[in-house]
Structure formats: C-alpha cells, structure tokens
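Next up: a single chain in structure tokens, the form predicted on its own.
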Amino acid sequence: MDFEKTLNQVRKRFGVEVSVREDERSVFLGGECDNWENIVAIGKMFVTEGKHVVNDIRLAGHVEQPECLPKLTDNALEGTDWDVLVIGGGISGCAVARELSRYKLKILLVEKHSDVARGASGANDGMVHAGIDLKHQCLKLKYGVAGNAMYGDVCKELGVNFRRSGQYVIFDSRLIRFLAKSTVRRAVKHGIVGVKILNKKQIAEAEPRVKDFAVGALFAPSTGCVSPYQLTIAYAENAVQNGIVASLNTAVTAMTVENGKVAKVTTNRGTLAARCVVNCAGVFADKVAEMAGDRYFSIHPRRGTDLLLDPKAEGVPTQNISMGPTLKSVSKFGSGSTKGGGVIRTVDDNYLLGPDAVEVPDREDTSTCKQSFDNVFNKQSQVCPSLKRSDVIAYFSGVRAATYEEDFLIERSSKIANLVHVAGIQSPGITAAPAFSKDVAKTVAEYLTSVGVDVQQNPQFNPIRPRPVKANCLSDEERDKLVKKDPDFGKIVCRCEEISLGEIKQALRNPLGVRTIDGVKRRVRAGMGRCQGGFCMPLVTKIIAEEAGVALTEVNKDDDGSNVAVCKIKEVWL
C-alpha cells in the first residue's frame, strides 16, 4: 500500500493528520479526530491484504466508558491449574468449550457476567445465514456455509429449536432482479444450494404481504432461524455436562507472559495457570490480546437495534423477508460492512425487525434511541407496509465485534505460543460457530500434544443435552400426563407465554447454576410476552427466592447489584 497516497486522501476527505507505521502483521494508526464514524472510515482505508489494522486514532474529548466488571471478589480460582482456559461465554466461547469437552482435559470457561450469552450472542435476530451476501472467499464464507449445513444435527443434539424457513430478498427493479443472476452463480460456486430468482407472481404467491412494487425476489432456502441465547446456553450446559468447569462472574484482568507464553492469568477470583488460552472475548478480544502483549488487530464496536413484535400482531409476513439492494445502494450490497436487516420470523413465532448498524466508540453501548427505532421500522415497513408501530412490544441493542478487515480472525498467535484468538465474530457468527469451534478445538489439541500433553478422547462425552420440557408445545394428552406426574407444570406463572411453575423450576436447576430473573427469562421466555414481565416478574422473583432459600432482596434481575427488592416496609417488599 502507498501510505503517503492514502494519508493525502485522509487529509483531503477528513481534514485530519494521522500517523501510520507497519510491521509484519499489522498497520498501526495514531492521531486524533472529532468524529467516531470518520475514525472508523479512516481505519478501513488502510486495510490491505495479509495485514490487520490497529486503529489508535483517539476521539477528541471522549472518555471511554469503563468496562462492566463483576463486583464479586474471592479466591475460588487462586492457584488452580488448567489445560485450557476459554475466555468469554458468548456463542464462540461456549461452542469451543463444548467441542473441547470431547477431549479428556481440564477445561475452564470464564464469563464476566452472571450468565452466558450476555453480549452480542444474546442480542441478535438469530438468523442462520445462507451466505449469499458474501462475495469473496473469506473465513465468514468458509465457516458460514459449513456451519449452516450442520445446524439440523447440532440443534437436535443440543435440544434447541431450529427452523430452516428460507429467506426472500425483495427487488423493486427489473434491473436489480437481472443483476441478481450473478448472486445465484456465486451461490452455486460457493456451495450454497437452492438459491433462485422468483418473478413478481411467484413472490406474491409466496408472501402476499410484500409491497406491490416487488418485481421479484431472491430466495435462499437454506436460511434458517434459532434462538441465539438458547443455543449459546445449550452449548455451555452440554460442555458442563461433559466435564468442563464454567466460572461465571469471572473477569480476566491481567496476564503474565514468560518465555513467549501466557504463564499466569489474573481474575477477580484469583490467579490461575493454563497451558493454552483461547481468546473468545467478543468486543474485548483485542483488549485480551493486549494483556498478552499480542495486540495486532482492533475491534470497532458496531451497535445494532432490533424491534420485537407482539406474537399476535396482524399484517405481518409469514416468511423471512428483507429489502434487496436498490439501484442507489447496489454498489454496497455484499460489502460485508452493511447491515440490511429484515423482518424475521423467530423460532418462537413472533417477529423481529432489524437490525441497523451504528458505529459506536464504547464497547458496551447497548443503548436504544428513537433514531434507531425509526430507522429500523421505516426501512422494514417499506417492504411490508402493513406493519404497525403499536405492535412493537420491546426493542434492544447488541454490539457486534467487527474488525477493520470485516472478517473473522481465528488462528494461533504467531507471537504467544499458547494463545489462540477467536476474534471478530460478528454476523454470521451464530451460523458459523458449529463449524469453526471444531477447528479451534483441533488447533488447541494439536498444540497441547506438541508440548507433551497426553490428549485423549473423552470416553464419557455425550453430545446430547436433554431438551427442556415446554408444556405449551405438548398435545392436550401429553400435557395432562405431565401435570398428573408433576402438578407444577399445570400452574401457569407467565400468562403471555404460558410458562408453568414446573418449567421455571426446571430452568433454575440448570447445570450452570444461574438463578436470576433474566436467566429464567432466557431459558423459558417468562417475561418475554406482551406485558414484558409486568405480571409474572414478582412471581418469578418469589420462586427464585424459595428455590434458592434466600430473601427476596438477594434475588438479582441479572448481574450482581440488579436487585428487584431492596427492603421490606411492614409486610411489603420494595
């Protein structure tokens, strides 16, 4: 790359001076700018094949939000010794931990929150992508296509609902429909099966609610949907069932490197040793790399907001649909950095609209705002004008961990011998996890073998995680039989989602030991209906207290300090 030429383009376009240097792995940027989106754009200008971008351009006047860390401090992990330490309880860390549990090793998974799936893995639309928007060979394409093909078997093993429902990308121009033929050819080349173009009559028959302007659509039948947080939880629980140790409320705060290896890892629960460290830290993956003296890539946080519709909403489509590129935006289609979003029918039979894509300077900025709400709703109502704002019952944001190269970074460090990076796992990360987790586990096993560890298969490994009982999915005969066996399954606590006391107790007895209100919510959907917990949350709080044998004031909504009740006045808990 001609750095001087690029620097001149930066000066001309943004009016700022930046510094640049490079080594064998990375391009390093420095300086200051008063606009975060410009800082991200500058970083992308220095992307070159075979190297990563480390963007240290400061945002003028901005003080970065401190990382959310657990309040808990103890010595539970002090002096412990592990074969593998996995950092991060998102889909990456949990899937890797489960694949590693196939080996007879001492494995520790640490997650700084009170439950797994607390980051982007718990705040996305759950679409299992076909990969049609990826133009070039990259890790996203490799693992996305492979992971998509694995989903039926993986979800069956883990007891998680999965629906291969397909996706319709709507066109408003005959020219765009014609140009989409290149997408079909590319799909065939990349091994994505069944992709085809529908004409105006065919799309109207498949989805009558699309706007009249639709002249056709691209149909990708291998697209599916899953609950991303329930899949992450299932991976983690199956890993624990197969012998790994999961330590929640545990944050990595420092590392000691000796002789080119991570020798010690400091956490809020003590300092431990591990023969191999797997960095699955999401938006903090580059920070973890920096702790090990191995920061050769940058994460720039990208926030996305989704809107959740009432399951009883009328006028919604019956299929997954999204607006295809227009003549104005066609040059951006498949760039890897845009996020078109769509109207997604979830496995729980309600609908999500979105997400959008907003570059933000703070890694845990999951705030929502009117602008994102309006942008998402207005865009998706273009393709389905019967959508109503009054049907939106909740909205939430997640922060994606994007690298400047807009690809996954999955490799052993070339500098720190016992460090493996699983970074930049944004969309289609949920899709790709079943595939890349196998390769990561293999990489770890090969490294451990090379340093003298006797790596053997785990003879007790069981890939099956029992499917939790969902009473509202049973037939009347099956439900009657269940209630006779355990009357708690006949006592409804959450009326919106028809969740019984038996299901809540089942959720509280999970292998991870999670006993929070949101932990119950993520496992059985109590509180996810129209009232958003307005009726059932006090009951769930009481059930947790009784099950755990604690006072109501000790029950947390999520992380430590999120108590629902703080004191008792006379006979009323407040």
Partner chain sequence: MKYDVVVIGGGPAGLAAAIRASEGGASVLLIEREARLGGILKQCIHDGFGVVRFGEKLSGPEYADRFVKQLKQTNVQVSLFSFVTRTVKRGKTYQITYVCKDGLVNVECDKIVLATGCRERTKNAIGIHGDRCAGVYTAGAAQNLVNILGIMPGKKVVILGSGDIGLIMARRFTLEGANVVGVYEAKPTPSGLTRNIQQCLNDFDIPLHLSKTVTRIFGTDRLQRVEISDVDEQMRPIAGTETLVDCDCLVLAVGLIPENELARELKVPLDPKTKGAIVDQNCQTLADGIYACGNALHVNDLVDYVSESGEIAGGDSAQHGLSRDLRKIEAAGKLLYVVPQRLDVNSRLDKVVMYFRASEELTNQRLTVTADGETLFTRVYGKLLPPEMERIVVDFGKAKALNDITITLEDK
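Since we're looking at a predicted model, the values are computed, not measured. Positions refer to the first chain, counted from 1.
Below, we refer to the form predicted in complex with its partner chain, which is not included among the displayed structures.
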query	finding
Stretch in contact in the predicted complex with its partner chain, which is absent here, among 429-437, 91-99, 489-497, 213-221 (heavy atoms within 4.5 Å)	489-497
Touches its partner chain in the predicted complex: Asp560 (any heavy atom, 4.5 Å)	yes
In the predicted complex, Lys189 touching its partner chain (heavy atom, 4.5 Å)	no
Close approach of Ser19 to its partner chain in the predicted complex, 4.5 Å, heavy atom	no
Ala263, heavy atom within 4.5 angstroms of its partner chain in the predicted complex	no
One residue of Met150, Ala251, Ile393, Ile416 in contact with its partner chain, assessed in the predicted complex (non-hydrogen atom, 4.5 angstroms)	Ile393
Single option in Thr368, Asn268, Ser247, Asn242 placed near its partner chain in the predicted complex, where near means a heavy atom within 4.5 Å	Thr368
Triplet Lys312, Gln532 and Ile569 all within 4.5 Å of its partner chain in the predicted complex via a heavy atom	yes
In the predicted complex: members of 56-71 within 4.5 Å of its partner chain, any heavy atom	Lys71
